[in-house]
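Take a look at this single chain, the form predicted alone, given in structure tokens.
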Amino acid sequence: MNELFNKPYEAKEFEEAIYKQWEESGYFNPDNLPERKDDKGPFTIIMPPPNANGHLHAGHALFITLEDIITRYKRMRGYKALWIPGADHAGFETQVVYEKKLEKEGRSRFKMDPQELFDEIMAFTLENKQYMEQEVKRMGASCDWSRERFTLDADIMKKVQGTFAKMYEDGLVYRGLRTVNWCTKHQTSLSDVETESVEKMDKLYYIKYGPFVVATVRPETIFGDVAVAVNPNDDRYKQYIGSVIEVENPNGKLILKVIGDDSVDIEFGTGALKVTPAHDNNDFALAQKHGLEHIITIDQFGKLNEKAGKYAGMKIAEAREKVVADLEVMGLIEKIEDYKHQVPTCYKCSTTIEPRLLPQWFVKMSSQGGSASGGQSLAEMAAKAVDDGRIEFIPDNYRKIFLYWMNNTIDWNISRQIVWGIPIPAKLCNECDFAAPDLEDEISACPKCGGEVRKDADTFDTWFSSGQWPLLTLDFPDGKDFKTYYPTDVMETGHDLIFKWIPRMVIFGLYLANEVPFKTVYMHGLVNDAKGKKMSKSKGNVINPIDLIDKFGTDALRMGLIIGNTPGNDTALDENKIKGYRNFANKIWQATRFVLMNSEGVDFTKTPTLTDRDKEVLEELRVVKEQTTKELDNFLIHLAAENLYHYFWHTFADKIIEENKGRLKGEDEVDKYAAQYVLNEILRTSIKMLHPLMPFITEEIYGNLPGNDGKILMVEEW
């Protein structure tokens, strides 16, 4: 027997060499896979590209594990399995990470040359990208590194910019003056999916407004008010609709229109609302509908401007306090109540979002904005693809979430006021409202007014590029990979991306390639700490997956991540659980040692004379294999892992091996051979079934089984 098995299994002694063996075999690349009679054709997964701004976290470890299991299983089943790795420049997120670094160094991005800042972030990102890729490999990822892509590769940037120009020509991209979500800390606009609603307790101020009393949480914006809105069905106020009223405030008087609109909630406050179009998204929509003007009273830093008179220069919180105090002196505050409500905040720094009126680039999403194909809007196309069953969601409840999002979408702001990202290739005119894509830098003067033009300094929202990722990684539109592997088979990603990433990919796939980008969406949940709490550096409960690998081995971590982890639900990562699966790895090792020790030199080509019990356990093995195959075919990975764990440990090791110990020591050579045959058959089959889940230990064992010299389990038949 190989002396290798005479000592306990230590993962760190094997894993690096095994991964090197896999890489050198070339089998991560489906073009190099051995020919098989049961060739089932291509199978493709595009890796959600990890942010290239730091090390892997537990969520990365989970998705890599799940996608590698799926890929390895399909490869063994006879598919030309392609799993494409990548790295995401992650726009705003990476710039936020780098800004924290600058703060520690006493520097600010606002005092840096944009190109200098971009170059520094690029160097930082490329360095971290190397760490990230090595950690992906340590997870056992059998992805094709020869096809790896980065979202800032030159050809990818060019194609992303080309999509922008095409959408502009098709009337699906426009530049408009609209209220956007503005982060006063990071000085950039954010899309709706990049804000988080936080429940806050504020004060609701009831202010006397001419003949009305209006309820508002933002009295500091009264200097930008242009109207009072009421519901036309509200009998209290019908007579005022269409009139003009005079309203007192600490800076003098406002002349306001009274408008009627069905969107006004009769039950909220007094049923009368002050309308501030430049500083409230709903008010902006009212202004567009009723032809109202916009008065900007708050600047980009969250300070009141000269339109606020004596309050100019004050930050919002200070101004609110002073305005309320002055209104009270004037006798214009009727009452103040506590008010609990949802407040949008920046998802990275938790700063309260300030709606800001800005010219930005938008993608038309709904039918009100424009149509993409056959009279359908982008959102309608995506919804129809799901309604038609062209995309399946696991679990299925995410289908409803997707459809709700598509049926209630708003135009998508794709402009970001940051340097780290793909530049928007456009020219803007300072003297008129001209704005148009300029891919070749040919527009030197405004074709509309002849005035001076400037380059747009903004970059794309990161989801604009990553939304095209399945197309970009497969070299759309003319590449061989695109023709072979598109549409892909599975998109496996976190359930939080049902709003951010999944819809964008579906939209771009349908718009650019006239085909869905994937057939199945598998959603996993968050990985929390052992107590089920969300991991965060501030709580000190972040678990580093590489630390767990160093302690317990990759296979143990992978099993700990998937057993008990149902699709779409959050999971708790407990170090004791990982330790338990390290013990399981040792159990596999010890069982292998026993079987090999008791069958050394045996020729298994002879037909055994099996007992009824032998036939029974082999039938049980067949059922386990059939069940495991069915579970993996249906993405029930957690069940496959749990059932194989119990079968190997509690059925094979605890029962079947124990039952056969006497036969192995017996004098009856025919019966002894039958026992040896059965144990070897179960061991080999179990090692194959466990391979997608625990690739390292199974690869090492398989290569040391009799007759397997030089064979690589990764490409053996399932």
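Note that the rigid core is defined as the largest set of C-alphas that superpose within 1.5 Å between two forms. Computed from a predicted model, the values in this text were never measured in an experiment. Numbering starts at 1 and runs along the sequence shown.
Keep in mind that the form predicted in complex with the RNA is missing from the display, and what follows is about it.
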TL;DR on 466-474, 93-101, 109-117, 395-403: the one with heavy atoms within 4.5 Å of the RNA in the predicted complex is 395-403
Decide yes or no: are G271, F499 and Q590 jointly within 4.5 Å of the RNA in the predicted complex, with each residue judged by its heavy atoms? yes
Decide whether Q130 counts as a contact residue for the RNA in the predicted complex under a heavy atom distance cut-off of 4.5 Å. no
Are any of the heavy atoms in E620 no more than 4.5 Å from a heavy atom of the RNA in the predicted complex? no
Report whether the minimum heavy atom distance between E13 and the RNA in the predicted complex is within 4.5 Å. no
Under a 4.5 Å heavy atom criterion, is R582 part of the interface with the RNA in the predicted complex? yes
In the predicted complex, the residue from F434, F482, Y347, F594 that sits within 4.5 Å of the RNA by heavy atoms: F594
Considering A58, L33, A674, I657, which brings a non-hydrogen atom within 4.5 Å of the RNA in the predicted complex? I657
Taking the RNA in the predicted complex, which residues of 452-478 have any heavy atom within 4.5 Å of it? none
Rigid core superposition, D478 Cα moves 2 angstroms or more between this form and the one not shown: no
Aligned on the rigid core, do the two forms place the Cα of E626 2 Å or more apart, comparing between this form and the one not shown? no
Core-aligned, is the CA shift for E267 between this form and the one not shown 2 angstroms or more? yes
